[in-house]
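Below, in structure tokens: the form predicted alone, a single chain.
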Amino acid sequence: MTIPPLLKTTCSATALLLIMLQAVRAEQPAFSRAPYLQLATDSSIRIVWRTERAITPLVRYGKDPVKLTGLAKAENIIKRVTATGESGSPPPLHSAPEGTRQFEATISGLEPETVYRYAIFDGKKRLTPDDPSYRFKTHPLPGIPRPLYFWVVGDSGTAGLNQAKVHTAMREYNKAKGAQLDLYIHVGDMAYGSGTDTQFSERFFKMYEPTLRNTVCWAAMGNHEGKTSKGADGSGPFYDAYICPTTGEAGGLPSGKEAYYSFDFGSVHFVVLDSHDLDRKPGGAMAQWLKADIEKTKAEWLIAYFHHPPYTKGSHDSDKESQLIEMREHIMPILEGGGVDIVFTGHSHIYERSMLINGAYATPTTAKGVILDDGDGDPDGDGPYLKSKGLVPHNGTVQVVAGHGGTNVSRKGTMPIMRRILVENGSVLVSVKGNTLSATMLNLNATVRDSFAIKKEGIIEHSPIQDPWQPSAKKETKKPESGKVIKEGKPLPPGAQRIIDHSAQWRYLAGGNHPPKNWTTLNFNQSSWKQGAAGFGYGDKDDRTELAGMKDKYRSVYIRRAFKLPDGANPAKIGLAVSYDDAFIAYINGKEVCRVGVDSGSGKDAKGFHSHEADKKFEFFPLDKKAIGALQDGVNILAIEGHNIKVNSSDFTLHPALLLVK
């Protein structure tokens, strides 16, 4: 039989098309949504993933990374498809792309506090690589105290550079410290702008995939997810993405709703609320469940989180918006009555962290009579906030607004209960160990911008402070927070007497460490600090104390030296002679007396540095009335912090002397 030329061509084209289609299928990624963990307990875990093609799903797992002896078979793995897809499935996916298949594998019968490796298979074909990052760890038994380390993020879902940098900063920080997350908390707005299925895939799951494959994200719904998902019936892309406990399977009282729930990790009890689209009033179902859940728990720590902050003046104002006001007026009394320790929220695109508060339910919010401790809460500063052991009603709460996870940040004003206000992107890392909860705000450059702690021991009784410390009412600017910024000094005065010589010995702290807040005071214990002769620096071959390891590692140095004024000396005649590169702040007996080239802040919070070359010359800085007022008879302390404009600068100099002018 002879085949006509046209038919030959048609057959060849068809064969080529089939080969091309097979090649495309072969090149398709194994997952349309990579594997991620959900709903961990002390004996079980859920593993979820998506594909765009039919597979025979299997999960192999085990404690031995080489021998994955455990098996979750296809018949025990829930498969969900889009509403227009295959029939006879469990509840369909709300609005996933047609052809999507979501697999939800439950692995149970596990040992508590145990690390397991896992792998996803299509029949005999392994889909996940042989990589130790595909792992999970079961929770400890409820009530048993165990260290806990978790990550808090809010308002992040932009798929933008800042979101990526915040995530990378956390991972690099933890890698440097050898730390691994136990869980991940998201306080909402994880998929801008409407929480659609596609936005979840692109702006949440793809962005955090390396973390989600081994760390459960326990989420609270934000208003942007609320545009397509509904808390009342648990429908929408948010509820397709997350598997939240409804029957108390992770600890706590069954809520019957994925919109609000609780879970335990050892001696820590978490409560998660829907502040967006459910009744927030005391008689509502959510508030009634919350009260009953807290009454039931026997935990040592209580942590609550939801989207809308009871206290904020960032991109939102909690004194003007109904959802925020209702969370403050109706929900906070229940939480504080249950002894809540810390509340995490988002929605407002800022980082705000309160003092230790109780009873701040009024509108507008006032600080008078609701602050129990107005210190900074920093273990290296004023010390941690103290609370009684266990869950004691109205014993103090710290509020944290963490709506700075990736979207643009802004500030409307000043919330009077806040101790720290930062208009920059970042996230919060929290550890609970024994009787202490410690938290750190890490910005998108992996710089620690705030640290505080809560410590529980014995019985602590607080009295509300009627006139507490208050944050600055002004928005952040590049003006100095204290003291006038000086751009340059004056020529050295002739014939001046040296009170502290140019080559004097100083105590100094370097190496990237920052001192506690009281380091400038006379009574500070400096015995652990090194001793060296002025000047301090590197790179220009004129330093008596060379800081050879400073370049590319750190940019701040702290020095202290005692001095006495000569008998009969006029305090108004003293001044600093300094050769410096790039900036410094000087203190006498704890009081700032000279600020040169630093716009605002001090220590690790200093910012706005101006470049200045030392050029092996000294400049003179007369000290003002504040310095005169700080001086005392006998011994005084001159303390100076020096800052380099950037960590990889080619040189640094801090070379001071104290002069008495004729």
Partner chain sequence: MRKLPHSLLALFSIAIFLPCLPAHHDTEEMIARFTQRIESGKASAELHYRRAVEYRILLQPAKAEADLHAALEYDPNYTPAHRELAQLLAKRGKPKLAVKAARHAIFASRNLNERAGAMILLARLLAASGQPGAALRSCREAFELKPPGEVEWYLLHAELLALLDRDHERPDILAAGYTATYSIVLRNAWIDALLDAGDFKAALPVIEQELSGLRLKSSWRLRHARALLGLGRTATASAELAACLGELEKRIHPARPDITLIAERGLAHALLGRLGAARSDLRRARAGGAEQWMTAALERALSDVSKIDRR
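Positions refer to the first chain, counted from 1. In this text, all values refer to a predicted model and were calculated from it rather than measured experimentally.
Below: the form predicted together with the partner chain, not depicted.
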query: Residues 303, 397 and 558 all lining the partner chain in the predicted complex, heavy atom within 4.5 Å; finding: no
query: Heavy atom within 4.5 Å of the partner chain in the predicted complex - residue from 215, 100, 579, 323; finding: 323
query: Proximity to the partner chain in the predicted complex, single hit among 365, 407, 451, 545 (heavy atom within 4.5 Å); finding: 407
query: Partner proximity in the predicted complex: residue 375 to the partner chain, non-hydrogen atom cutoff 4.5 Å; finding: no
query: In the predicted complex, residue 209 touching the partner chain (heavy atom, 4.5 Å); finding: yes
query: Contact of residue 431 with the partner chain in the predicted complex (heavy atom, 4.5 Å); finding: no
query: In the predicted complex, residue 95 touching the partner chain (heavy atom, 4.5 Å); finding: no
query: Segment that reaches the partner chain in the predicted complex - one of 421 to 429, 546 to 554, 189 to 197, 236 to 244, heavy atoms within 4.5 Å; finding: 189 to 197
query: Members of 337 to 355 lying within 4.5 angstroms of the partner chain, judged by heavy atom, in the predicted complex; finding: 337, 338, 349
